[in-house]
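Quick setup: one chain, the form predicted on its own, written in structure tokens, and binding and motion questions come after.
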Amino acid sequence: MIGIAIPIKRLQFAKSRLAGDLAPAARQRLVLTLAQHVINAARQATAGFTMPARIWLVSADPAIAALAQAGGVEWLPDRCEELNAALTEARSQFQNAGVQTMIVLAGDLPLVTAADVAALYDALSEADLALAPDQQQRGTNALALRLPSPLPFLFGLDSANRHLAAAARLGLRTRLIMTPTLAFDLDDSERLRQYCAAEHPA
């Protein structure tokens, strides 16, 4: 079985870096739009998998729970409201449910495709960890793990290098997945402008 976790902050806190570009209500709508896109990509990918899959939205926000219900996916309440702790809990529950592969997708990937999700899964045929860095190759936009896995979740500053260093210490085989669509996360003003230009070309 495959488990896909999509962590999403509470709407009131999400996309705070865009506060100078968007009003709070607009930021919240953007978060929901991006999350729905990631859900759609995950669902399209899992339709082509030979193994059954579960998709969880990991969040403390009831609005995300409603989005999960409307989208036909599951909701895992984030009781800690800390990303790494929430993903550790999700991994534990996945393992208890017999999940053999865990994929983590950031909830703010406006260009991610089903092919990207499939590439993460396929990479585990020859690796224990597949990791997709952001455009600066510093953050982690997505990763996939064989379960059970001893790798700690280290999302935060310079997480791509920290994940890779931890994997090396543990002797895990790693593979980088680098595609423009996985690398593009909507996390600053410039990428917001790029996203809006793509969505609404002149």
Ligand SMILES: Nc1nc2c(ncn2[C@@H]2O[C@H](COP(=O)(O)OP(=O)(O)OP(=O)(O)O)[C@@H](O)[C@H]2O)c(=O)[nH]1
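Residue positions are given as counts along the sequence shown, with the first one as 1. Because the structure is a prediction, the values reported are computed rather than measured.
There is also a form predicted together with the named molecule; it is not shown, and the following applies to it.
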Task: Contact check for 117, 143 and 184 against the named molecule in the predicted bound form, heavy atom at 4.5 Å - done: no
- [ ] Classify residue 128 as contacting or not contacting the named molecule in the predicted bound form by the rule of any non-hydrogen atom within 4.5 angstroms, answering yes or no.
- [x] no
- [ ] Classify residue 102 as contacting or not contacting the named molecule in the predicted bound form by the rule of any non-hydrogen atom within 4.5 angstroms, answering yes or no.
- [x] no
Open item on the list: Does any part of residue 192 reach within 4.5 Å of the named molecule in the predicted bound form? Heavy atoms only, please.
Closed with: no
Task: Partner proximity in the predicted bound form: residue 164 to the named molecule, non-hydrogen atom cutoff 4.5 Å - done: no
Open item on the list: I need to confirm a contact call. Of 172, 67, 58, 53, which residue comes within 4.5 Å of the named molecule in the predicted bound form, counting heavy atoms only?
Closed with: 58
Open item on the list: Looking at 83, 124, 73, 111 here, can you tell me which has any non-hydrogen atom within 4.5 angstroms of the named molecule in the predicted bound form?
Closed with: 83
Open item on the list: Need the contact residues for 1-37: heavy atom within 4.5 Å of the named molecule in the predicted bound form, sequence order, or none if there are none.
Closed with: 7, 8, 9, 13, 14, 15, 16, 17
